[in-house]
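Read the single chain below, which is given as structure tokens and is the form predicted alone.
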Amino acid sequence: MQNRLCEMFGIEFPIFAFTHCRDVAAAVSRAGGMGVLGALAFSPDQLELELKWIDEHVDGKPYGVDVVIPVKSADREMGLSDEKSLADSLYGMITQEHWDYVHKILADHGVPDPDDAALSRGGNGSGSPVDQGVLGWTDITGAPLIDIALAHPIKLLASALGPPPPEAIERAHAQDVKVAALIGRKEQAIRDVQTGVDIIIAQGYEAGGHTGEVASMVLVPDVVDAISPTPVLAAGGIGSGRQMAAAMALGADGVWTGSIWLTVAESDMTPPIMEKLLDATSTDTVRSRSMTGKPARQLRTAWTEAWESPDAPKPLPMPLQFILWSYATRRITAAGNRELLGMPVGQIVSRMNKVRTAKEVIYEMIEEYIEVTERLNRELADA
């Protein structure tokens, strides 16, 4: 396609694929799109291994990395400087009421107590902050991920909760790496462009994970008009060629896709989650604070419903709520409890009803995109 983002990155199609699975990221890039690996769930050592693998399997094609460092973080506000003090301090901020409620949810659904007594009481056990559910949502745990990413030949550094820190933007630009930021409101887009972000990802209400309150059909043209000529990627509810054509008609230069890659053949989803995703409809998702503390669209489960109960405590702020969810998920997964098992996914899940390869998804999107645009061109010519 003749497109400024295709020219900017040397890709065939302006389809950007956010994924936590290295196999999917590499497969999308090889197929002509841009695979973007989500770094959030990895420790620095793990991310190094993942990116080294992608370097060796992407056939020289460009790829990117997505990080998540909120503009405001608990460690920054408390002046913490090391991982141990971070984990200890964050765990100390979680009330016993919240731990008790988590244990009640698990007990009510027949999830047995773990053998480790410390874990059964909600203790932080052992391991890194990443293992304990802190992830890359702080300066201490997130900054090293940016260091690792920029040590590899990436072409895009994206940030999912506001722009990367100014120093990271400067370093990226010095290495000819473009910077993208995901937003849910026009005002955020204007702010991020002023900080030096090269590409804005306008993500609508339909999307999986953290979303704002504005739907893509309204958000995308508002953002395009507000920050022109900065390129815009449309995100939220996009997984087909028709939806891609609609996004481009709204003024986007390309599409940022995420959920659609959860059910491809290369995905590392476990069978229980894969089954739930393939069976789900668009109304089987809910925007809830029960996972991270911020509104995030995910599968509707007994877990999300429990936090909507009148007797539920108010979800904690990020990253405290995610520590609870991460702890519960480890026990839920070990028990194989389908009622409680969930994950972030957008309303596009209704169209994710069969397993295809990443290459098939890319090619089917492009073929349908061409069909739609050709039909519109014919109708215009006949008018």
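No experiment lies behind these values; they were computed from the predicted model shown. Sequential numbering from 1, following the sequence displayed.
Although it is not shown, the form predicted in complex with a small molecule is what the next lines describe.
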query = Just one of Ala335, Leu49, Val355, Met343 has a heavy atom within 4.5 Å of the small molecule in the model of the complex. Which one?
reply = Met343
message = Give me the residue from Leu182, Val197, Leu233, Ala149 that has a heavy atom within 4.5 Å of the small molecule in the model of the complex.
response = Leu182
ask   = Going by a heavy atom distance of 4.5 Å, is Arg22 a contact of the small molecule in the model of the complex?
value = no
key: Contact label in the model of the complex: Pro164 to the small molecule, heavy atom within 4.5 Å   = no
key: Val68: touches the small molecule in the model of the complex, heavy atom cutoff 4.5 angstroms   = yes
inquiry  = Would you classify Leu145 as touching the small molecule in the model of the complex, given a 4.5 Å non-hydrogen atom cut-off?
reply    = no
task = Please determine, with the chain shown alone, which of 184 to 192, 168 to 176, 201 to 209, 85 to 93 has non-hydrogen atoms within 4.5 Å of the small molecule in the model of the complex.
result = 201 to 209
